[in-house]
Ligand code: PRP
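Below sits a lone chain in structure tokens, taken as the form predicted alone.
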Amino acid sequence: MRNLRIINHPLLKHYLSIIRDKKTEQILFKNSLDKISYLLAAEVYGTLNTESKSVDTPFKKIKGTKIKDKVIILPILRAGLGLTNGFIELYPEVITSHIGIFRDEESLKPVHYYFRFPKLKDKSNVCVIILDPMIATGGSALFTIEYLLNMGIKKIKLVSVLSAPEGIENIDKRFNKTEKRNIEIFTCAVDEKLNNKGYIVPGLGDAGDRLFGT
């Protein structure tokens, strides 16, 4: 997929190894995922549109820069909450919305139960960043992207920690070339496969359960 970005950063690999380890306790898992969120945010924010602004330094006026996009982060509840801190701390002007989706364990289909989003008159400069730590089948991400496209959102970025090749392929197949040009996927790793229960292998288990200790 041409709009797939696999982020190779030494610190990401370090923290990713910690959260993969089944012996890692909940508090260390949570703290490590939090650190990952900052590194992902820096990478994703590096692709935002900017514009010039005038800045008066103590000595002279210069041409500075400001973010042009109206940025909205959209964590998929509940595991997506573990990636919010970095995106909020690095850019406090970001708007935080939420979407609630869980996967039916029998059908592996997404079940939508919650959505909160700002009212927008002008969507031309809106960039929505979906936060979903695990792209397994891609069902939750597919549903969310489709939901946003139907709302008229055109610039969408999907951010994950781990992805399965099946999920990436499903997203790639679902959207046509025009839509794909505006949908980017950022992930730390694409793993081997999904098992027969729809979990990523080698993966890290259930991100939500490990994050919240349930």
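These figures come from a predicted structure and were not determined experimentally. Numbering starts at 1 and follows the sequence shown.
There is another form of this protein, the form predicted together with this ligand, and it is not shown here; the text below is about that form.
The closest non-hydrogen atom of residue 101 lies within 4.5 Å of this ligand in the model of the complex.
This ligand is not drawn, but in the model of the complex it has no heavy atom within 4.5 Å of residue 86. Interface membership of residue 21, defined by any non-hydrogen atom within 4.5 Å of this ligand in the model of the complex, is ruled out.
Although the partner is absent here, residue 79 lies within 4.5 Å of this ligand in the model of the complex, judged by heavy atoms. In sequence order, 139, 140 are the residues of 139 to 162 having a heavy atom within 4.5 Å of this ligand in the model of the complex; the partner itself is omitted from this view.
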